[in-house]
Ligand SMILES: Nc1ncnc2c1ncn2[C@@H]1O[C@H](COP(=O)(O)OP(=O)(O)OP(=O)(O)O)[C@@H](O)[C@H]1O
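Shown here is one chain on its own, the form predicted alone, set out as structure tokens.
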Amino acid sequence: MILESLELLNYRNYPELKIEFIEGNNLILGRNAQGKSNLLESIYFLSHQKSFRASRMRDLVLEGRENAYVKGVIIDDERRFSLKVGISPGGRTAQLNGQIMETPGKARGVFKCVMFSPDDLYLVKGDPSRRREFMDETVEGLGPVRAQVTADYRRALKQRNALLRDWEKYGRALEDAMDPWDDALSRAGAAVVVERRKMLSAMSESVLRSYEEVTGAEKKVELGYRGSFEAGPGRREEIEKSMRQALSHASVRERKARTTLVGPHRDEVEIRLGGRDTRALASQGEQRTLSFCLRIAQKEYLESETGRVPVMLLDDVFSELDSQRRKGVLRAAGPGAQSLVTATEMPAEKQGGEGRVFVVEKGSVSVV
């Protein structure tokens, strides 16, 4: 996929912006706090309809304004289409080729991109929720049909937790009220586990290959999936049965905790480098490199599953990396994908190279 042009209105520090990108490498330069990250965030928002930095939609709207939008023109093989996502006090809206979509969620994943940011360090060193978010984000990138699996699980989990919070009020009637949600949670949970296992299996080889390419080191990288309940490598129906039994066994503990203790929302992705746990024993340089390699694996997985090459968004990707790793990052990120890379100054590895260079200053973007 190629993002041909981007149009912003009242997004973050951009009152109005129209910009065109090229098919290959696009380097976005500027001092800190000028709007470089906001620019990449708007593209991520166009794809995922959420920010990778802000939890509230109103934080994305320019101060003093009520409405904002992000619009992109995308080339997908021989197809060319426009996608527009708006933000207003009433929520989000989405338009595909000028036609308002029934629900904005149906536009999620139509335009595919992969985002690397400095905070991705916590994909490796952070708590398990960051790695679960990474897996859910990857599934969302596959499109609304595949993403429905995650949405169904979240809905069932929300309803079940609501019952557990008020279980004293329900008394014995809780058993009857809980049963259908146990079934729904187990059914959706098994589908999520199957999707995640497939994803990690496919990504393992990609992470290993890109780590060697970036670092030049031949260290074994392993991705593992550790569930919150015993579920062998069986079919979806067998995993569903195992989860249903685990929920039954955990019922007393869950009533005390007043929350669901079993399911994919409690699962973990384990990352090992050279046989060691990367959370505790890897250096920060190794952790940062691994987080980038996870994004490369995400890009390659989306491409293999959908036949579409995502746009690569690399925010401050050169931070804290030595020259060798910077060169490896450019090699790993470049093949087959349009890339938009931010930096505070022209990297030595890019000087004299091909691509288009932009300069951002106080919410204004110019081409060098």
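Everything numeric here is computed off the predicted structure, so don't read it as measured data. Position 1 is the first residue in the sequence shown; the rest follow in order.
Unshown form predicted together with this ligand; subsequent notes refer to it.
*Asks:* Report yes if all three of 248, 251 and 258 come within 4.5 Å of this ligand in the model of the complex by some heavy atom, otherwise no.
*Replies:* No, none of the three is in contact.
*Asks:* Residues in which of 297-305, 31-39, 66-74, 44-52 have heavy atoms within 4.5 Å of this ligand in the model of the complex?
*Replies:* Contact-bearing stretch, as computed: 31-39.
*Asks:* Should residue 317 be counted as a contact of this ligand in the model of the complex, where contact means heavy atoms within 4.5 Å?
*Replies:* The answer is no: residue 317 has no heavy atom within 4.5 Å of this ligand.
*Asks:* Wondering, does residue 322 line up within 4.5 Å of this ligand in the model of the complex on heavy atoms?
*Replies:* The answer is no: residue 322 has no heavy atom within 4.5 Å of this ligand.
*Asks:* Any of the heavy atoms of residue 61 lying within 4.5 Å of this ligand in the model of the complex?
*Replies:* Residue-level check for residue 61: yes, a contact with this ligand.
*Asks:* Looking at this ligand in the model of the complex, which residues in 7-25 have at least one heavy atom within 4.5 Å of it?
*Replies:* The stretch touches the partner through 12, 13.
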